[in-house]
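The chain that follows stands alone, in the form predicted on its own, written as C-alpha cells.
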C-alpha cells in the first residue's frame, strides 16, 4: 500500500520473537477491555467499577470461581476441538453441533445402557458414546473434505443448525425417547444416577473439569512427541511435501476432523454426566461451541493454553450474567462484546506476529526523452 510517498507493506518474519507469543494474547485482552469500556460508557456504566464487579463475580469470589470452572469444562473441550483441527489448517466450525450430538449420545447411553452397567463403567461409557456421536456428526464433512476438497467450513457450519433443530424436536416436537414422559411440560429425560458425577461440595464444579484438563495436557504431549503429531504438522506446513514423503493426506484429513468432532462431543457428554443430567435445551442458547473457536484462537492452538483461555472466557460469561442481577444492571451483551473484541485483536496480533511492517520511501524516477533534430 502506498500513501503519499511512503510504501507500507508486510514482510514475513523468518523467526518470531518469543516475547510476541505472550504479548499478543495479553494485548488482545487489554485492547478488548478498552473497547468494552467504551461500550460501557455509551450505556451509562462506569467501566472501572463494572470491571471490578465482573472480576469479583467471575474470578475472585468462591462461588463465582467455582461457577467459572464448571462452565470452563465444556469450553476446554470445544477449544481443544477447534485447536486440533485448526493447527492442521482444517477449519472445523461445527463444534456447536458436535457438542449437541455429544449431549444426545451421552443421554442415550445414560438412559439405555447405564441400567445394565456398574457405576464404575457407566460414566466412561456415557463419555465415550458422546465422543463417538460428536465424531459421527463430522464424518460426512470430513470425507467430503478429504476426497472431494469440499470446504469443511460451510458443511460443518450448516450442520450446527441441523443439530439445533434436531434437539429442539427431541424435546419440544415429540414425545420420544429423550423427553420426560412423567410431565406434560417439555423437558429432557434424566439419565440414571449411576451414570452421573457428583459435584465438588455445594459448587457447580464436577470431576469432568479434571478429565478435560488431563486430556489437554495429554494432547499437548501427544502432538509434540508422536509420529502422528509430526505428520499433521508437516501436512499443515506443506501438503505437497507431506504427499511427496508418502503421508496419506486422506487419512490425516479425515482422522483430524474426526478427533476434533469427538472432543466437542465429549464436552456435550460431560455436561450430561455433570450439571444437566439430560438433554438440556437451555444449553443451546449459550453458544459454547462458537466460543471454543475464540478460545482456540487466543490460545494459538496450544492445548495447555486452552485451559487458561477457557477459564478466562467462562469467567466473562459468569461475571456478565451476574452483572444483570446487580442494583445497576449491565447488559449481558458486554460479555459478548469483550469476546468478539478479544478474537479480533488476537487475529490481528497473530498477523503482526507472523509478519513485520516495512515502511519505505518511494523515489520517483523521471525519464528524459531525447529527440533527433535533422
Partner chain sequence: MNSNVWILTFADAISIATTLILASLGAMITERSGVINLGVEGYLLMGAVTGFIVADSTGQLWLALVASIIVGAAMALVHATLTVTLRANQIVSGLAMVIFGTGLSQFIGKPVEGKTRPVIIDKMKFGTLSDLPLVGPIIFGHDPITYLTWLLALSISLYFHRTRPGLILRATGDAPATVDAQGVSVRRVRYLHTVVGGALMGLGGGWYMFARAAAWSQAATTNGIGWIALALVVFASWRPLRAIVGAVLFGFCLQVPFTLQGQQINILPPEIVSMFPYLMTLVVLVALSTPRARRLLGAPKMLGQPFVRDER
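Owing to the predicted nature of the structure, the values given are computational and were not obtained by experimental measurement. Positions refer to the first chain, counted from 1.
Keep in mind that the form predicted in complex with its partner chain is not shown, yet the notes after this line are about it.
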query: In the predicted bound form, the residue from 65, 322, 343, 308 that sits within 4.5 Å of its partner chain by heavy atoms; finding: 343
query: In the predicted bound form, the residue from 191, 293, 142, 123 that sits within 4.5 Å of its partner chain by heavy atoms; finding: 293
query: In the predicted bound form, residue 39 touching its partner chain (heavy atom, 4.5 Å); finding: yes
query: Contact label in the predicted bound form: residue 114 to its partner chain, heavy atom within 4.5 Å; finding: no
query: Contact flag, residue 215 vs its partner chain in the predicted bound form, heavy atom cut 4.5 Å; finding: no
query: Distance check, residue 10 to its partner chain in the predicted bound form, heavy atom within 4.5 Å; finding: yes
query: Interface segment, criterion being heavy atoms within 4.5 Å of its partner chain in the predicted bound form, picked from 100 to 108, 201 to 209, 158 to 166, 273 to 281; finding: 158 to 166
query: Within 195 to 221, the residues that have a heavy atom no more than 4.5 Å from its partner chain in the predicted bound form; finding: none
